[in-house]
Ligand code: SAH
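There is one chain below, alone, in structure tokens, taken in the form predicted on its own.
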């Protein structure tokens, strides 16, 4: 081990930064965030340092390096563009037994600054010992994506509960189960993020009073329209924590490959005209799994609240007082349009967007005259089987028959296929594509040839 990893408390302690250029600015920001009493020495100072000095955030030492600047310092950073000066700073610090960081020669330094993931009070540092800083940065970026932003708030609250946990739970195993539930509680995390301390107290009390062995929860997670890269970070985190994944046909294999390896997977896929698992049975399944103490993720294609029947599933959970949370996903309208080079709105073409289910009711409740209005974009979900009716009703209610239309099959996936034409061809075009497909109707479709990127 070339370097001993150590977190230092610098609040109120004098630190010296030699240099006042761009690189020094980055080091200064880190030291100021740590609460250091920062002194900066250099012949000239960048505007940022002058502003900090005016705000009394730093103390400036004009001139060339003087070993006397080291008096009373706990840490020194040499960040000039002159290697000779940096070496002089390092040698002077060594004589006075003060740790020194050299920005351009970390392997010669007595201290190094790692890549930092800040979820205060939780801190994660990554270092390659100065040998591969780009690798350390890339690893930090991966960790940033894995660690939720709210972890710091959870850690802060956890620190106030340690005595209470020890008093209530006698065994180490019971404490471990409590803390796992605590840190995995999406409701608590969201409440803390919203600054609702009263609600956070209620959720915390519920965690203490619940039977740890039987306490389960459900998260409705939008998986997006197909491309795994469109999955949200929060959705990914919950998928990797889940005990059970309940998923439908629209969830791609690429996304399922990101699920925790040992999680149980339950398929409840549906197709138009054929329901593998009825909705009531899905609702019951979610409740049963949660009541067994499982962390359940209901993984839905697109967004759970846009034609995903997520509201019905939450109603069933709420009736049994089962904790739940919702993670939005990129809906098919947005994803498919973007990947097809079709802007849903455009100042010259459409000032509004309407998302419509293609499962048309026999009673004909759709306001076709409103849907046929100008200067808007229509997006029909699950509309292939009703393409002829959609075509007929829109034209009948005043939409021009040559209005551009696009049908997007397997949108955002590697199998995406787009078929374009006009409204009077819609029924015929629908026969050329397979489900799942999305219909986009409006003059914005005419922009596709100039805006599509693949």
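Residue numbers count along the first chain shown, from 1. Remember, it's a predicted structure, so these values are computed and weren't measured experimentally.
If you look for the form predicted together with S-adenosyl-L-homocysteine, you will not find it shown, but the lines that follow are about it.
Of the candidate stretches 135 to 143, 285 to 293, 340 to 348, 301 to 309, only 301 to 309 has residues with heavy atoms within 4.5 Å of S-adenosyl-L-homocysteine in the predicted bound form.
Here is the short version: of 127, 331, 191, 185, the single residue with a heavy atom within 4.5 Å of S-adenosyl-L-homocysteine in the predicted bound form is 331. When you look in the predicted bound form, the only residue of 378, 314, 245, 382 with a non-hydrogen atom within 4.5 Å of S-adenosyl-L-homocysteine is 382. Using a 4.5 Å cutoff between non-hydrogen atoms, residue 76 does not count as a contact of S-adenosyl-L-homocysteine in the predicted bound form. Contact annotation: residue 297 falls outside 4.5 Å of S-adenosyl-L-homocysteine in the predicted bound form, judged by heavy atom distances. Shown alone here, residue 239 lies farther than 4.5 Å from S-adenosyl-L-homocysteine in the predicted bound form, counting heavy atoms only. Contact annotation for residue 408: at least one heavy atom lies within 4.5 Å of S-adenosyl-L-homocysteine in the predicted bound form.
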